[in-house]
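Listed next as C-alpha cells: two forms of one protein chain, kept apart as structure 1 and structure 2.
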Structure 1
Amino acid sequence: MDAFNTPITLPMSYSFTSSGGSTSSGTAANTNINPWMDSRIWSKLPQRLIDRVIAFLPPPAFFQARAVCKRWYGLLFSSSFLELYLQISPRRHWFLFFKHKSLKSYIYRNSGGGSDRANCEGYLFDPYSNSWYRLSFSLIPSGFSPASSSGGLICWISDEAGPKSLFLCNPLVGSLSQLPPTLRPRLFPSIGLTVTPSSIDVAVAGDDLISPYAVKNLTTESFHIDGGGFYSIWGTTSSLPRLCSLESGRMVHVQGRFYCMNYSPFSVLAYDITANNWWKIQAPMRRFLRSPSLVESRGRLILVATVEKSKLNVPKSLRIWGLQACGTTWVEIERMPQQLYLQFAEVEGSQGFDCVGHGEFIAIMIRGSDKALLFNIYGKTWQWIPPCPFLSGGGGSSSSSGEGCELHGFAYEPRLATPVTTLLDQLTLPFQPFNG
C-alpha cells in the first residue's frame, strides 16, 4: 500500500508542485540526459550497493521505486535493508500539516454527533523542493487529534475529556502503537513527545479536570520506556509552577527538556525530564509580544513573535530570538524585512499565527487560513509556502462565520522504520484498550 498519494507524470519523479509557480521548472531539464542506464553495467552492480543507493532515496521516490521489481517491493519488509536504511539514510527536515477547525469550535463540536474526519489525512511538505504529498491516517479511530511528533512518529490523543488515550503512528508504513491511558482526567492538555532510536518519552501537562465543569493547570504526567528494560507508565508526576496559564497545545523538546509558552504575562515554562521539575524563563520584550511561539532548530530553542510597541515610535515587526546556553537570556537572531512584514500583517489581519521549526526551517502558519511563510535560518531567506493542492477550495481565506480551515503543522522526519515502537509491545502490564 503506497503511503503517498500524488499524481505522477514522469518516471521516478516525485515533485508535485514548485514554489510560487512562476519560478518552477516542473518540466525538469532532463532533455539532454539519457534516462536509460546501460543494462550491462546495471546488471553487474552488487545488490548491497544497489540497496545503499535506494536507502538514500527520498521516501516518495522510494515508494515509486518499489514498483520496479519484486525484490525492490519487498525491501520495506527486509530487516537487513531497514537496518542499513537506519544507518545511512539522511535526515530530512520536512513538515506535516493537518487541516481542522479552530479550537473554539472544535471544543464544542462533539455534541453534534457528526462524523468529522478532517484529520484522517495529512499533508507532507518538502521545503527543499517545495513539494506536497498526501498521507492517509485511516487507521486512526475517530475522536483523536494529532498532538505532537518526533522520530518519524505522530502522537494522537483522544478528544474526549477524561483519562487520555494516545497512539503513536508511522504513516509511511501504516504502523499504530497504543500507549497506556493517562491516570488523571484532563480536557485539552499540552503534549510533549521525544523519540530516540532506543527510548520514548511523553509528557502530558495541564488542563486537569478538577470537576466535570472546570479545569486548572496543576500537574504533569510522564511516560518513559527504553531499550534497557526500564519503563515508567505515568508513574512520574510533577506540579506545574503556581499561577501558570498555558494554553492547550504541544511542547517543544530541546536537549532533554520540554518547553511551552506561559501566558498573562508571557514567559516560557521549562520541564527537565530527568530531574522532573518545572521552572519559568522570562521572555524577551514580554510586554510587547503578540502570538509568541516556541520552536526547535538544530538543538536550540527559538522564540518567534510579533513586537507591537503602541506607545513608542518603533515599527511593528516579527522577530526571532534564540535562548542562550545559560538558559536564561535571549539574543535576537533575525527580524522579518519590513516590506514583507507589511504584506504578512495584511494577510494575517491580527488573527495570530503559530510556528513550527525543523532543522534550518521555521514555518509560520496564519490562523484561520492555509497560508504560511517559510524562513531559512541559515540562508536568511523568506518565502511563502506554495498552496497545498490537496486542500479543497484552496486560497486559504477564512469563511464569513469565522470557522475557516487552519493548517496545524508538525516537524516530521519521514522514516521507513521506527523499531523503537516494538518496546511498547513488550510491556507486560496490561491496560484497557480504547473502545472507539
Structure 2
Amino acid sequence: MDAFNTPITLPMSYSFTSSGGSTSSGTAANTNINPWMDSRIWSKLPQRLIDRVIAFLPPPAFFQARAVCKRWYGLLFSSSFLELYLQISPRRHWFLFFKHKSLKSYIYRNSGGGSDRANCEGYLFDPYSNSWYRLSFSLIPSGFSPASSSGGLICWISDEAGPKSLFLCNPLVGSLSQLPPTLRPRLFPSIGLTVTPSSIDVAVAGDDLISPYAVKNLTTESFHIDGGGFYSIWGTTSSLPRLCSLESGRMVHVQGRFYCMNYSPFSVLAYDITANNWWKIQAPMRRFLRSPSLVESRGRLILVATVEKSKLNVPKSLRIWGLQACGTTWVEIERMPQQLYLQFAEVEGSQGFDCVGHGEFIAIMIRGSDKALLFNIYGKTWQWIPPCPFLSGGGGSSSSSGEGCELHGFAYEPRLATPVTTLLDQLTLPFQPFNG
C-alpha cells in the first residue's frame, strides 16, 4: 500500500521512529526466504500452544487467520479461547478515526447526492506498524455520532436535541448494546466513558435545556453498572461550576475521574465519579494557550496546546504538560522541536487542532485537514501519521482535497470480546427495542 506518499514534504529526520514504514515492506520481501516458516518445526506444535500464539495476534491478523480452517474460524465464538485471549492478549494503544461531522460536511453531503453514510465507517490506525484498516459501523442507526471510547467499545450518541440515546459498539465483532436513554433533554453534551472488564461508567455533562430562559443550566447525569449487581440508571446528578463552556464535547478518563476542557477563559474541569462532584483546575499559561486539548497517558492527565506570547520574546511552540499527583500543578514534559513546529504551523495555519492520547502515543489532528502528527512519549519521537488511504479518493494529492475529511479521533483498544456489555442486556430488556 502506498500510504506513505505524504503530500506534505517533510525532511526525513522527522520520521525517526517510522520503524513500521520500512519493516512492513521489508518483511514482505523477506517472507520467501524466511527460515522460520519450516512446517517440519511448527506442525509439531500442540494445538493448545497454537491457540495461545493466536491469542497474541493483533486483531486484523487474527481475522485473517480465521480463514485458515473451521477450527480457527470458530475461536471467536469459543469461550475458553476468549477467556485465554482476555487474560494474555497485550493491550494495544491504537486509534480509531471518524470523518468529522461539521456543518460544512452536512452541506457537502446534501449537495453531493445525500449519502448519509459518512459515519458508518471508522478508520482504525495501528501506530506500531503504521497501518490503516477500514471498519464498518453499518449497524449504527443514522442520526448517531461517535462520542467516546473505552475498553474496546465505542459510545455513539443520538444527534437530536432531547433525551439522549446511547449505544456501545464493539466494531470488531459487530456487537451493539443500548443504554437506557438519559433522563434530561440535552443538545450537545460532553460524554465521559470508562469501561473495565466488570463495570461501565458513563457521564453526560452539559446544558440540560431545562431553563426556559437562555440561561445555561449545566448538569451531569451518570450511569453506572457493575458485575457486583450494582447499577444506577442516570440516577446520579450534579451541577457543574457556574459559567462553564464545554464546547469540545470530550471528556478524558484518568483514574476514577473525568476531565474536560473549559473554554474562555481556559481551565480544566474535573469530575470525581464516586464522589459525584466537580471542581476547576487552573490551566498552565492559560492566557497564552491556543487549541488546548486534554489527553490521558499512562495514568496521567496531559494537556497539549500551542503557546503564543505575542508580547514576549518566546518563540511560538507546541507544548505538553502533565498534571502532577497533587492535582493542581502542571509540569512541562515536552516541547515540539522548533523545526517541526514550523512545518506543523504551516499546515495548521491557525485552524486549530485536537489531540487524543493512548498509552505512549499522542495523536495531534489538524482541523480542516486529514493531517495528523504522532508523538511517542517513551521514545520522545515525532512523526506524521501516514495519510489514511480510505479518505477522499486515495491520498488527497491536491491541497484542497483534504478539506471536508477532517478526522475525529479516539483512543481505541481493539478487542475480540467485550463481555462486560452482557451486564446491559439485563437492563435493556424492559426498554423498547430501538427501531433504527
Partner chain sequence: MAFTKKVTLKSSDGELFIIDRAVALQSRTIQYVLEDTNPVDAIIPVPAVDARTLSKVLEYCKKHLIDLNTDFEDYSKWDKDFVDAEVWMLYDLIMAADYLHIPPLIDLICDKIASMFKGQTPDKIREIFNIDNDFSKEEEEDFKKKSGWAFK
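The structure presented is a predicted model; accordingly, all values stated were derived computationally and were not measured. The term rigid core refers to the most C-alpha atoms you can superpose between the two forms while keeping them within 1.5 Å. Numbering runs along the sequence of structure 1, starting at 1.
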Given that just one of these two is the form predicted alone, which number is it? 1
Is Thr381 displaced by at least 2 Å at its C-alpha between structure 1 and structure 2 when the rigid core is overlaid? no
Can we say the CA of Ala67 moves by at least 2 Å between structure 1 and structure 2 when the core is superposed? no
Large Cα shift (2 Å or above) at Leu45 between structure 1 and structure 2, core-fitted: yes
